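Below sits a lone chain in structure tokens, taken as the form predicted on its own.
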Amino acid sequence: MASYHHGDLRRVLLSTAAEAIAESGPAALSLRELARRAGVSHAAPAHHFGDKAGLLTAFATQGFDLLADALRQAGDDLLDTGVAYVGFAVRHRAHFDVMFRPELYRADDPELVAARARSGDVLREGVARHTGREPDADALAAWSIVHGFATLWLSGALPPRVGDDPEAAARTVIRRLFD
């Protein structure tokens, strides 16, 4: 049985959920299996999250916060921000797999709405700095490109000639926007 400190059980459960989702996808996740993997009572996840939708809401919220941090750390260069988005998707695939599937969680949860807005704001701010225009349409275009690339990469749908480094490949594709 895994050991944990009472104060970090939520973190342990979210980390364990990331491992389980990475292995089997969000549909296969159950609170009972999560408890077993975390080495806690079967009631512990329900106590923290209520139900599976509550768990996935917290998980998606965590994902949007991690994405916002990754995009901020990329700096002011829009190309680097796009590459950071793809890098986030690859390094945090379980989060990425849940974040953009609102049927899995409570999309109107205030914490989730705020976290999603923070990540979107970072992207819009980067687009505004780059274009100097109203960023909404340009941000949607930039997000569509990096999200689409990340999704194609993760699904293995890109041709072999793209190579085996997702960030280098993304940099090449995203750079075409600036040519």
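Don't overthink the numbering: it's just position in the shown sequence, from 1. Note that the coordinates shown come from a computational prediction; the quantities given were computed from them, not determined experimentally.
Omitted here: the form predicted together with another copy of the chain. The next part is about that form.
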May I ask whether 15, 41 and 92 all come within 4.5 angstroms of another copy of the chain in the predicted bound form, judged by heavy atoms?
no
Can you tell me whether residue 9 touches another copy of the chain? I mean in the predicted bound form, with a 4.5 angstroms heavy atom cut-off.
no
Is there any non-hydrogen atom of residue 27 lying within 4.5 Å of another copy of the chain in the predicted bound form?
yes
Is the gap between residue 83 and another copy of the chain in the predicted bound form 4.5 Å or less for some heavy atom pair?
no
Is residue 104 close enough to another copy of the chain in the predicted bound form to count, meaning some heavy atom within 4.5 Å?
yes
So which of 129, 47, 36, 147 gets a non-hydrogen atom within 4.5 Å of another copy of the chain in the predicted bound form?
147
Partner-free chain; cross-checking another copy of the chain in the predicted bound form, the single residue of 113, 66, 53, 152 with a heavy atom within 4.5 Å is 152
Another copy of the chain in the predicted bound form - contacting residues of 136-150, heavy atom within 4.5 Å
136, 137, 138, 140, 141, 143, 144, 145, 147, 148, 149
